[in-house]
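Heads up, the chain below is alone and in the form predicted alone; it's given as structure tokens.
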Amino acid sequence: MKILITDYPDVLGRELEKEIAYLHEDLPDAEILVYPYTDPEAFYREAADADGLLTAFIPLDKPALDRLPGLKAVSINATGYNFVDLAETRRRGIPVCAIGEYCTQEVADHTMALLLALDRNLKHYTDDIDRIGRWQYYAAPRPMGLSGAVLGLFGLGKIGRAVARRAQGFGMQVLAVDPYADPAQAAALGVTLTDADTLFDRSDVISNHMNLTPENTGFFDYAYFRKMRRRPIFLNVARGGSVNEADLVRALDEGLIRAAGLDVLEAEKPDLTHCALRGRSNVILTPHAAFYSARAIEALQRMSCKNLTACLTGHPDKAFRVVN
């Protein structure tokens, strides 16, 4: 049996010895290779006889799957799996697993870190001090202050709820849009479920925590930015594909939103040399790092490996989460 741990080279910069050990616990005789994905054709040659793939971002659409005839299971070492054609893998009988829970607290913390840094204008102050050497009290725009402000959440899943609890600790009121949310659970949490137009009208901060689907791809566009009456801080720590990036730039240029904190962009590997969001004092970009902590990485490695071995040993019911 052959297993490929494969992804873009920078994504593989973790302790892969742990993953190899986890895989060998259940499949001691498996051949396990680490393969940095740089050239699709070379990848297809290496993976043509692979039984299992452990990856996060390698595209696995129908043409790719056609080149992987021996594939029996895929484990995504992330919560998102939009790079995989689920319908096609289901048709071929290839289980695809993702991690249902491993970094909720980290992503919620990161969301609040972006919010606090943007509201308190930390980027402006640190640039003034570090780059210019200037100590000036009132050089930045006046902070809004979180107490009494309204946070609007798109998505009230595990991460959305964790953000809501943190925001309430700062005295914020919380609204949410989520057609799948349990009204009783939302009420118990003190979150008001509402519709998108109401949220756009009332929110001082808007934070995206939706899974990416065909229905919400490009959801945050210019028409919706124009509806954000209170010029909110906009946060996205979910998926970059939910936001029309050109429209976000236009919204910032026109003052429709006051600031943006983004852990993701439309491209997973963006060309930052031509990124119109860089170099703005009211924009903070982080490189899809909201999940990152020692605890989260350990959980990610263990669960993603156990997902794969469960499927390859004929026990997909023992996987943490089969998504197709």
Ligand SMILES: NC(=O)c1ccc[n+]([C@@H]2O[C@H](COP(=O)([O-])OP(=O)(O)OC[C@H]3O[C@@H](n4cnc5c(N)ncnc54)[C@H](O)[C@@H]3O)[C@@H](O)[C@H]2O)c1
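Heads up: residue numbers just count along the shown sequence, starting at 1. None of the values given here were measured: they were computed from a predicted structure.
The same protein also exists as the form predicted in complex with the named molecule; that form is not shown, yet it is the one meant from here on.
The partner is absent here; in the predicted complex, the one residue of Leu248, Ile159, Val174, Ala98 having a heavy atom within 4.5 Å of the named molecule is Ile159. In summary, among the residues Ala50, Ala290, Leu265, Ile58, the only one with a non-hydrogen atom within 4.5 Å of the named molecule in the predicted complex is Ala290. Of the candidate stretches 202-210, 83-91, 132-140, 117-125, only 202-210 has residues with heavy atoms within 4.5 Å of the named molecule in the predicted complex. Using a 4.5 angstroms threshold between heavy atoms, Asn244 stays clear of the named molecule in the predicted complex. Within 4.5 Å of some heavy atom of the named molecule in the predicted complex lies at least one heavy atom of Val237.
Heavy atoms of Asn77 never reach within 4.5 Å of the named molecule in the predicted complex, leaving it off the interface. Although the partner is absent here, Val107 sits close enough that one of its heavy atoms falls within 4.5 Å of the named molecule in the predicted complex. Residues of 172-204 placing a heavy atom within 4.5 Å of the named molecule in the predicted complex, in sequence order: Val177, Asp178, Pro179, Tyr180.
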